[in-house]
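Quick heads-up: it's one chain on its own, the form predicted on its own, in structure tokens.
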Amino acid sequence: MELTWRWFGPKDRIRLDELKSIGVEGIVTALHGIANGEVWPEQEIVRMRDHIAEAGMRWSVVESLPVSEGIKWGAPDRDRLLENYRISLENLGRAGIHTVCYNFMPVIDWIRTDLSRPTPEGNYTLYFDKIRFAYFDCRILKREGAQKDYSPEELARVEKLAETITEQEKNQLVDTIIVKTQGFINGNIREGDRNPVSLFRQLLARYEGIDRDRLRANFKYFMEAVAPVAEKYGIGLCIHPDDPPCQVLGLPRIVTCQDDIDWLLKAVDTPANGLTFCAGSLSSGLHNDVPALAERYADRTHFVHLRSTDAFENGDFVEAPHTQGRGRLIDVIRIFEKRRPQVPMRVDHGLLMPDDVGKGDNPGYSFLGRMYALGEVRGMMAVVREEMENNRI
């Protein structure tokens, strides 16, 4: 697989020459300065492509060309937004960019309740605590009907937490769930926005009455509109699984399991409609067998995210070391090295290591933590390639 790295553009503190020096072959990035729903100009695409090429690498994957909320919920102007998306795809295709990762998660992208959970080794990692999330949902967001989404035992634990949680911890939950993990992903809410809880409620309100079937129909409408452009230019559109792979905040989620992915790929059955195989997102759901899913969808996978989690019966999960956890990454690597050896992959959600603390990196995207993970993954890849050379797999 091609070794790639998510880079957040010229403002990223990590330099391209540093990435080249640690073995990165391709860059995963986006035009972060352009608002969601607007056209990506061809000259800006070419400028980014050439800037990366000058550093001795290629722009391997766009992550992401965001799907606007209006497309997801079916706003009156969605056809205008879809036309802008088609033009952006065409501009990418003419510039030779052939892999585009995106997601179809309403309002909220990946969710964690703790961005710096200490590990026994002295590092920090990302954590999802279901009870703290339920507290946010029921007591901070005060979403109508939220209590129906949790068991009596969970609600009792929420009430127990309410007796001890501090104002600082409440503010931290808001910052973590609404701002820190969303601003650099989808731009719906950003650092410095006033009253993010109120803004978040407004975003949720757009999805009132939109159930799973309606969101699926909106996905199909999107894919039918953009797939012809992708086919023309040989672009692989690859949807990212929901993170976590379950329903949250009363919102429908449509990329959580095998049945979901089967439906999505058949809804518009073209190679252009493919998957970002995120072992981490899928592994955080106890219902998912990650290597089995990799085997099933290898031929429709255009991009791979290699990370892993430990998930627990109580609904909590934590980012696991890349050599451990439910992601079973060495088995996933075996599948893709054998069946899709040219597919780009990147390590994801690395540890926050002591020398990364305070450097201002986006959550999960520290330099040393991802470099450490890349070393682990390259070691697993070397083992797998040796196995293949000796016909052991």
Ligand code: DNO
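Worth saying up front: this structure is predicted, and the values here are computed from it rather than measured. From 1 onward, residues are counted along the sequence shown.
The next section is about a form of this same protein that is not shown, the form predicted in complex with the ligand.
Enquirer: Looking at the partner-bound form in the predicted complex, is residue 69 within 4.5 Å of the ligand by any heavy atom?
Expert: No, residue 69 sits far enough from the ligand in the predicted complex that none of its heavy atoms falls within 4.5 Å.
Enquirer: Does any part of residue 302 reach within 4.5 Å of the ligand in the predicted complex? Heavy atoms only, please.
Expert: Because no heavy atom of residue 302 falls inside 4.5 Å of the ligand in the predicted complex, the answer is no.
Enquirer: Taking heavy atoms only, is residue 290 within 4.5 angstroms of the ligand in the predicted complex?
Expert: Because no heavy atom of residue 290 falls inside 4.5 Å of the ligand in the predicted complex, the answer is no.
Enquirer: Report whether the minimum heavy atom distance between residue 240 and the ligand in the predicted complex is within 4.5 Å.
Expert: So residue 240 counts as contacting the ligand.
Enquirer: Which of 163-171, 308-316, 98-106, 131-139 has heavy atoms within 4.5 Å of the ligand in the predicted complex?
Expert: Within 4.5 Å of the partner lies stretch 98-106.
Enquirer: Under the 4.5 Å heavy atom criterion, name the residues of 324-351 that approach the ligand in the predicted complex, in sequence order.
Expert: Heavy-atom contacts to the ligand in the predicted complex: 346, 348, 349.
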